[in-house]
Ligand SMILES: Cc1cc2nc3c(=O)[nH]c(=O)nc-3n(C[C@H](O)[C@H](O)[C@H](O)COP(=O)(O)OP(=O)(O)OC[C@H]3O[C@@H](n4cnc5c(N)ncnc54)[C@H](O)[C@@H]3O)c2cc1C
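The data below hold one chain only, encoded as structure tokens and taken in the form predicted alone.
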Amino acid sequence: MSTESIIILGGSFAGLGAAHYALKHVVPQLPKKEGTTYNVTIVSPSKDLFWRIGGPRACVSKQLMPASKMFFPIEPAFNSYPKGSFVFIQGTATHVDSAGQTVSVTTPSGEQTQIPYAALVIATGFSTPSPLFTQATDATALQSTWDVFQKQLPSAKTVVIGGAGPVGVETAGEIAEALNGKPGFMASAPKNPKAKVTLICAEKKMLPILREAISKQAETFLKKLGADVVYNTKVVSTSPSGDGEGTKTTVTLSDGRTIEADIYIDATGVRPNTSFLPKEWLDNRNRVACNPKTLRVEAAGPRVYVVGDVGSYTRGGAIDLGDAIPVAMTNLRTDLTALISGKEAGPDRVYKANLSEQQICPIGTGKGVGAFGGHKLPSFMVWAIKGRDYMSGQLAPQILSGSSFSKEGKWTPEPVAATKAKTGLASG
């Protein structure tokens, strides 16, 4: 008896969702093939799901966001499936051979191995320029990074944050409150701020997905905590002035000014984790280029798909996964079924981006801004949904269990347009 694998690269939100969907709705529905079984294999550098949503608060305070709310073991979340149907491999993908349909993986001990795939899902996500918000290897390493930062933070008098997306705004709020305290009920700013926190925004407003009025409200909340916002300005360069404890950073701005910061945090966007993939698979932003309707990575050959922020189809965010994962995994099942049966593939399931105004951004432990489905949310609702613990207690169990994908949901098939290139019948 041989076992063929649906390999999923990445153990974060997208990877776990894809794995649960495959185990619930793909593997059980595949045609029976004598002498062959199928499993789902996750390859991830860490054994733990990192709750990256909570990174802005966790990096500032382990009391407010302890490890128990930030790191969750992956393997136990799959114990309910039949034995042998799920495999977890701790390691980093270093190469994909589409001709041989194998993935090269390096384990933490340095061992290198090649894993064959029947289908491949790329869900490697992104890294951030600051090490505070990325689990590059494992939970222990990231916690050590936070420990160092939290020792430096209390003595900081000047903090500069480059980038005014959600991570930058949330981090500015968490740091400003930690250093300057909560504002008085009617106060427009702290009476005796301990530190000057400056957020550098390259555009005319913060939080690009949200309307300008909401961005202005976010600025008001930041000012109450002692954080200022500089608009239409970029960070041109940063230069540390010294080594070790007490090191300052000279931050040079596009308007010619310089700021000497006790702490500088780079929150200027994300970097797709795609360095191990062939260049021809990527777009001009180094994201995995895919068919925006089917989420197939067509340049990669048969039965390769992408889900999550690493894909070219999405503007990012965990909310989008509820639409994307069913599409990619249904089309994977369609293609794999055609390969096994030797028959023409069925209709495609099609992804349709939800581009409504949707983003929720806590600012400190008591305030926040946001919108959902195009409707502005009051501050208390942002706090209730996300501000209490960055949804760790509410949403993490759903991500881990795959409960959001318990049912396939209804969908309207596209017209049948199967080809040998699509199903992989030509290459086997």
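Residues carry their position along the shown sequence, with the first being 1. Quick caveat, the model's predicted, so the values are computed rather than measured.
One more form of this protein, predicted together with the named molecule, exists but is not displayed; see below.
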| item | value |
| --- | --- |
| 4.5 angstroms heavy atom contact with the named molecule in the predicted bound form for Val148 | no |
| Exercise: Thr334 in contact with the named molecule in the predicted bound form, heavy atom 4.5 Å | no |
| Interface membership of Ala318, the named molecule in the predicted bound form, 4.5 Å heavy atom rule | yes |
| Phe276, heavy atom within 4.5 angstroms of the named molecule in the predicted bound form | yes |
| The named molecule: the contacting residue among Val60, Val26, Ala396, Ile53 in the predicted bound form [heavy atom, 4.5 Å] | Ile53 |
| One residue of Leu199, Ala123, Met206, Ile175 in contact with the named molecule, assessed in the predicted bound form (non-hydrogen atom, 4.5 angstroms) | Ala123 |
| Proximity to the named molecule in the predicted bound form (heavy atom, within 4.5 Å), stretch among 27-35, 60-68, 374-382, 42-50 | 42-50 |
| Residues in 90-107 with any heavy atom within 4.5 Å of the named molecule in the predicted bound form | Gly91, Thr92, Ala93 |
